[in-house]
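Below sits a lone chain in structure tokens, taken as the form predicted on its own.
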């Protein structure tokens, strides 16, 4: 095991006692970045001129990390993995990145992602498809694909991600690591390229729950440049993980977790749910009460559609500034309208353009009531349903997705044949974004040598409880700190 495959505390101890230097860690991280780039295509930019920093009492000092390419980084290419910003170099750094750098952390690369965070496959980056380090014929999920691949490969102990629907937590599951999205506003979004502002969360991908707590403790804080941020100075995540188990009672949803609800389920789904129920037994053995609850199936199945309508509407508005005139490569044409049309037509991938069309359509005056406002109402119903669960339970515990990472090769037989029940299981993490709930994914096993994950979601501002539960559950399973073989 190399130093970069160890935990943050272990690396820090080695730096303090002189067993390793910040300079050697940077060198090793850059060398690994190049290796993983060849195998997984995980990066947009590798910072070969990254400089070591003084090692202090801060646990992150002197340690390399990665930043998803939708975070603004001063003087460093920040593309959002889009051709529309392929040469964009910002003049300011995102608040949470600056917080890490102020603590002595060292950014060594910018990670590739689905274009502007709009995708769950890792296949829409302008630099090409991002591959899963456990099996390069499989996807990482998205949109924080490059960050997940890098952390799972031991390039560094953590990387930043963003989560609008499940973009930290599902890639974490597919890559066998931890993905944590705190309560909305705990981490400032200033400097994060906006996708859907009411859903966007900053967060982190790591190989252990405690490492996630350590990183977010530094990232978080009220920021006058983000009016949605709030004072979390009384929340101490690392300390919370080390306390005795706090959660007493959790629930899971029958309609999503009972294999009898699925007609002709695939073998991977069967094994995934079997594995999930085995993990519930571990929770029970830890002294946690685990109960099955029922939620209106129609409401669950509506979640994916609500997400599409609301996220596309917000994205259409947020990204209307990408004209090729203010910044980005200038389009061709005799008038500014022609130049803007040329820039947006050639610069965006087909997926992004489809989402803009949807967003524009649902925001048209004659369509708002039927689509946009109705989606907002259903969002409220879903959030209220989860809030009701949190009145009786400390957390909702559910499997992530329908199994391990999906093949990159398109399954043509499935086109137009989406099972709504399976889709509800695959997309339920979006509810954590609808309500701004703290939510963490941790690995809980393997299916066919591919990792799978379990998710824990709690009520707003209950981050300490959620991470405490995740930490204690993680310690009862043998998957903490695991890395793929791709970098070996």
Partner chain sequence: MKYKAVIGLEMHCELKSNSKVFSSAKNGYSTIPNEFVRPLDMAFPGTLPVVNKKCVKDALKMSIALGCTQPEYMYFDRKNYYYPDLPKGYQITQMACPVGVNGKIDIECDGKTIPVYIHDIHLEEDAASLDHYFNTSCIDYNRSGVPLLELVTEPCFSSASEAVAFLETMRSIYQFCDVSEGDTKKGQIRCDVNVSIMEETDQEYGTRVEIKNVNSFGGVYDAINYEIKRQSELKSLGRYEEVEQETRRWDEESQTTIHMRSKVDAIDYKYFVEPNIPKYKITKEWLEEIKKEIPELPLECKHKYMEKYGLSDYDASVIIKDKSYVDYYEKCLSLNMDAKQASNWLTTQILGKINHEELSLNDFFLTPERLKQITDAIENKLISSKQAKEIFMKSCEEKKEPKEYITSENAQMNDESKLNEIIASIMERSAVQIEQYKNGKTNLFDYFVGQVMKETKGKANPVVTKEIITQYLNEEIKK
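Numbering follows the first chain given and starts at 1. What you see is a predicted model; the values in this text were computed from it and never measured.
The following text describes the form predicted together with its partner chain, which does not appear among the structures shown.
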Check: So which of 259-267, 118-126, 187-195, 133-141 is the stretch with heavy atoms within 4.5 Å of its partner chain in the predicted bound form?
Finding: 187-195
Notebook entry, point to check: Among 19, 56 and 219, does every residue place a heavy atom within 4.5 Å of its partner chain in the predicted bound form?
Noted result: no
Note to self: in the predicted bound form, does residue 325 come within 4.5 Å of its partner chain, counting heavy atoms only?
What the structure shows: yes
Note to self: Does any part of residue 366 reach within 4.5 Å of its partner chain in the predicted bound form? Heavy atoms only, please.
What the structure shows: yes
Margin query: Taking any heavy atom pair closer than or equal to 4.5 Å as contact, tell me whether residue 340 reaches its partner chain in the predicted bound form.
Written below: yes
Note to self: Is residue 314 near its partner chain? Define near as a heavy atom within 4.5 Å, in the predicted bound form.
What the structure shows: yes
Note to self: Counting any non-hydrogen atom inside 4.5 Å, which residue from 233, 320, 102, 345 sits next to its partner chain in the predicted bound form?
What the structure shows: 320
Margin query: Give me the residue from 301, 98, 275, 360 that has a heavy atom within 4.5 Å of its partner chain in the predicted bound form.
Written below: 360
Item checked: Any residue of 421-436 that, in the predicted bound form, places a heavy atom within 4.5 Å of its partner chain -> none
